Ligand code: DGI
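The form predicted on its own is given below as one chain in structure tokens.
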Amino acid sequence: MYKNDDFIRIIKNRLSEKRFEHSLNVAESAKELAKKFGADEEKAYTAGILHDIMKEESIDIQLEYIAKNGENTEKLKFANTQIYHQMSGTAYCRVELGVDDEDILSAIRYHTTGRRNMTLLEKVVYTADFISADRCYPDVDVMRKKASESLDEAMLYSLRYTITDLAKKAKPIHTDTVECYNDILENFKEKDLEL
């Protein structure tokens, strides 16, 4: 079985320098968030390292791996191709790297779209991807502050942005993203929290 040092060497050979650094930063952010919120730090770090392993691969190869993982590629016809890497990355990690930890695989699988009923580890990796040290979008400090207080608040903030941005660009919004947003929103209302 590979260890994190091996995974780091593997992604270094597969990714651009910028994407490689991003992956290391996400791994560090994921480990910190895991420690803060009580998730498995080692799994968070591993998922962070591997989350973008297929990000720079061609669409055709990504679709091949998605099919190898038993997912229906026909359903992806109208999907935003930017989400393919979370599915192909999961498949690559399972098929080529022998990763069999379902917690790690699902954290990779949903790090872009989210989903309804996300696990703590999935939320950690999803959020870490938004707040890693290399991120410099206009609201990154707001997002980092929210992440330091509540994963759900941070996710709700990022999901609002993502959904609005995709809608403005007339791009498809994955149903997992919509369900994730609705699920977190419902949890806020159930807890009677301020949005």
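Numbering starts at 1 and runs along the sequence shown. These numbers come from a predicted model, not from an experiment.
Here the subject shifts to the form predicted together with the ligand, a form of this protein not shown in this document.
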{"property": "Close approach of residue 166 to the ligand in the predicted complex, 4.5 Å, heavy atom", "result": "yes"}
{"property": "Residue 112 within 4.5 Å of the ligand in the predicted complex, heavy atoms", "result": "yes"}
{"property": "4.5 Å heavy atom contact, residue 177 and the ligand in the predicted complex", "result": "yes"}
{"property": "Contact of residue 19 with the ligand in the predicted complex (heavy atom, 4.5 Å)", "result": "yes"}
{"property": "Which of 65-73, 32-40, 148-156, 52-60 sits within 4.5 Å of the ligand in the predicted complex, heavy atom basis", "result": "52-60"}
{"property": "Selected contact from 83, 121, 99, 91, since only one has a non-hydrogen atom within 4.5 angstroms of the ligand in the predicted complex", "result": "83"}
{"property": "The ligand in the predicted complex: contacted by all of 4, 9 and 28, heavy atom 4.5 Å", "result": "no"}
{"property": "Sequence-ordered residues of 129-162 touching the ligand in the predicted complex, heavy atom within 4.5 Å", "result": "129, 135, 162"}
